[in-house]
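Given next, in structure tokens, is a single chain: the form predicted on its own.
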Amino acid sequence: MTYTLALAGNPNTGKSTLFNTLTGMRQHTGNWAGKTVVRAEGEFTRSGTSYRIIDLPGTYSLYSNSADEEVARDYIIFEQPDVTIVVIDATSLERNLNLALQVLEMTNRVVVCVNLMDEAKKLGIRIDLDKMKKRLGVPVVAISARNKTGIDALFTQVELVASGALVPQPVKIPYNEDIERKIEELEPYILETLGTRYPTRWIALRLLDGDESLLQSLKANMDALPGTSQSSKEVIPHGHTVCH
């Protein structure tokens, strides 16, 4: 069995360094279908487990502000990798966590990877990984991709999530009363139309934001919808558990 991984993160977080460390020469590049955005993909094996990994474009958000953001967003939502590894810069946590929280609204199959810990240490920055893990509700692992440290610990968590042995319960981000009421009104219609394959709360938020690009992507993927309620990659609503 081969697990599929996605690497997400802001530009210059060391995401591609981690990709190169994992795949070595077993990687290839091209363009995403219909886009001029470069697609990097590779394969590797760790501890007897095979992985296919896609290095998503570096972005600061997953809205529809650019082709890069649309590519990264659509891959996580529609291709549904077994695990999305969100690489964040330990020296710039506040900015990087913005993207991480957006990914957590889209999928629970996430491992947060805090890179550049060596640089943070030089700057006197201390990061409480246990507290981050509790607040985010997903595994959080510190690495230095450049020095190839922390990779084994990262893949211990990746394999747990990929295999279903660990089912993360991401933090539910609260919005104001008016938005929460509108989300509650929209979710039943989204569930009826799209089934359980996609995160209804996140889609409701994007619809409320008038995301026309997402609507177009949803229409383009409608053919894949029949029977999706039985998908083994079913997104787990907050407050519920699913046995994989």
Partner chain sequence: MSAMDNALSEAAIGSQILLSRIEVQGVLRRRLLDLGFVPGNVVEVVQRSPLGDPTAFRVNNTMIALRKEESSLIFGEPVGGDAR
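Remember, it's a predicted structure, so these values are computed and weren't measured experimentally. Numbering follows the first chain given and starts at 1.
Separately, the form predicted in complex with the partner chain exists; it is not shown, and the next lines address it.
- Remark: of stretches 111-119, 74-82, 97-105, 156-164, the one touching the partner chain in the model of the complex is 97-105 (heavy atom within 4.5 Å).
- Of the candidates 49, 27, 61, 213, 61 is the one whose heavy atoms come within 4.5 Å of the partner chain in the model of the complex; the others do not.
- Contact annotation: residue 149 falls outside 4.5 Å of the partner chain in the model of the complex, judged by heavy atom distances.
- In the model of the complex, no heavy atom of residue 169 sits within 4.5 Å of the partner chain.
- Proximity of residue 144 to the partner chain in the model of the complex falls outside the 4.5 Å heavy atom cutoff.
- Put simply, residue 70 is far from the partner chain in the model of the complex: not one heavy atom of it is within 4.5 Å.
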